[in-house]
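First, one chain by itself in structure tokens, the form predicted alone.
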Amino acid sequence: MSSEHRRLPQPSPFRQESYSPGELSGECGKEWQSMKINTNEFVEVAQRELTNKRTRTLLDMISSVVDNLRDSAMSSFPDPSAALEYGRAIRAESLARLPELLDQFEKNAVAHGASVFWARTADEANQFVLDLARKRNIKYVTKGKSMVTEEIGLNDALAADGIDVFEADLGEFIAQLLKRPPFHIVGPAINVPVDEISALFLKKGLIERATQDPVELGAAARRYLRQKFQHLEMGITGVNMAVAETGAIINVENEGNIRFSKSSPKTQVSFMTIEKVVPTMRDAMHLLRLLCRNCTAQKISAYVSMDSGPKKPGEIDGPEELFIVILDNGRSAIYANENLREALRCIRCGACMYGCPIYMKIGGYPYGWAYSGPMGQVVNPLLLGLDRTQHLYRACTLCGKCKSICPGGIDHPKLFLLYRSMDVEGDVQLKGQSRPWLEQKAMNILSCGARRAWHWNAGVKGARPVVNLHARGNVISQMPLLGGWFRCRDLPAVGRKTFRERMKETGQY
């Protein structure tokens, strides 16, 4: 098979364009609504989710159960800490050698008969698939779970061209019918109650009578999707890892829908972003062990697919042609910045969500895009800009739990502080907004006072009577111009004497 590939000539722009919504009517495949980017609605959606009893009950259960299961799974390593460090070292090496590894991967993938297409932007990637579908007169496709295709709005692009898209992962399938973004990286519809799924399936004609039996509902979705697989001509999947040493692409899953999407059709398209490549199969195997344990507390997932090119002569299944789309979409610019580069270490295990006190209170919807939780807080600002995501990287307690369990070795708190700093300074590349004039002056005064003790003491004495004018009892709950800060906080009234003054009076200073 001939190779049709292009290099990434220049870093693509950071800004991701919005996707036009498709018309929603008729069959399930046409009902995917555009995944609008709603990161700027974080506060409003989070407040709403905080009052959602079902969401809160589910998250409370997850935080008490799944985290323990993950710890138990990790303890199956002879030395869990060493296993984590080894994984982090692999991801560090993968990024350090990224250009070299991508070249090696492409060379070996093409040698096995795959075609590699380098896409700088979401539009280029979508257009490639559209052109491919047109040439082969494709009317519908199935999609294995793929976050990157959600990032680029592939479903909308295909739907706008009259091509039906059927999500094959059960959770994604339910989310598609409900027209909602994923709630969680592992369980996109884990928060949807059974009665709602039953009503949905009844409305869409997947079942003839209402039932809350999960087995019946799963079987109904399976029957529906099996019909699509039977006459499938194009399957689209993501890629968990791409092995430079062999040119193989690897997928992990528990349902078998990715394997169906890869083995049934004549044409397969696999999407990967540039950071998915790892040096060797040995490295990939270790990362798989970490991925599964951190993701679902399994030693290994039910299905692991390793594909080196399309079907070979004599093989009974597999695609007749395999296209691998390597997407940049702003990542080469991230890679060029050594302070931001480690954001690309993420292996999409989702462990950081289980440990995050913020995600475990509000769930995935407030993050407003394909990537949620701490991984979303790290990735979204780089892909969408600091101006559209400032609530995300500010909604962090900096507790460091995500950093401590990340198998990729990402220092989330450090990146969040960096984003905040870049936003305050008005970073041009990432569209930092700077801060209002009044806030800047207040911070300058505070900084000046903190540099010298006598500045601070004089400032406290001068500010004390003014600040205490707003005290009710010994608590300050509101002050002019600081309504936002006091919305969920209060302060004790400033004491009549400072700590140093009291220490001097007692002779201890």
Partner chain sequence: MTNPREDIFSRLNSARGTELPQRPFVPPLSEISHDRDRMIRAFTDNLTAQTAVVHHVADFAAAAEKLAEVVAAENIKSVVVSSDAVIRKLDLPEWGRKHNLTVLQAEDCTGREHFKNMVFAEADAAITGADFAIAESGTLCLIHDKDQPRLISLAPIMHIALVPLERLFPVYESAIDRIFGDPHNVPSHVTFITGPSMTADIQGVPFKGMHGPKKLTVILIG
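Residue numbers count along the first chain shown, from 1. Heads up, when I say rigid core I mean the largest set of C-alphas that superpose within 1.5 Å between the two forms. Keep in mind that what you see is a predicted model, and the values were worked out from it rather than measured.
Just so it is clear, the following notes concern the form predicted in complex with the partner chain, a form of the same protein that is not shown.
Annotated contacts: 343, 441 and 489 are all free of the partner chain in the predicted bound form [non-hydrogen atom within 4.5 angstroms]. Of the candidates 191, 273, 240, 115, 191 is the one whose heavy atoms come within 4.5 Å of the partner chain in the predicted bound form; the others do not.
Only one of the listed residues (396, 353, 132, 98) places a non-hydrogen atom within 4.5 angstroms of the partner chain in the predicted bound form, and that residue is 98. Comment: 265-273 is the region of 363-371, 385-393, 430-438, 265-273 lying near the partner chain in the predicted bound form, near meaning a non-hydrogen atom within 4.5 Å. Within 4.5 Å of some heavy atom of the partner chain in the predicted bound form lies at least one heavy atom of residue 338. Within this chain, residue 85 lines the site of the partner chain in the predicted bound form, having a heavy atom no more than 4.5 Å away.
The partner chain in the predicted bound form comes within 4.5 Å of no heavy atom belonging to residue 160.
The partner chain in the predicted bound form comes within 4.5 Å of no heavy atom belonging to residue 127.
In the predicted bound form, the partner chain lies within 4.5 angstroms of at least one heavy atom of each of the following residues of 200-221: 214, 215, 217, 218, 219, 221, in sequence order.
Core-superposed comparison between this form and the one not shown: the Cα of residue 79 travels less than 2 Å. Core-superposed comparison between this form and the one not shown: CA of residue 338 displaced by less than 2 Å.
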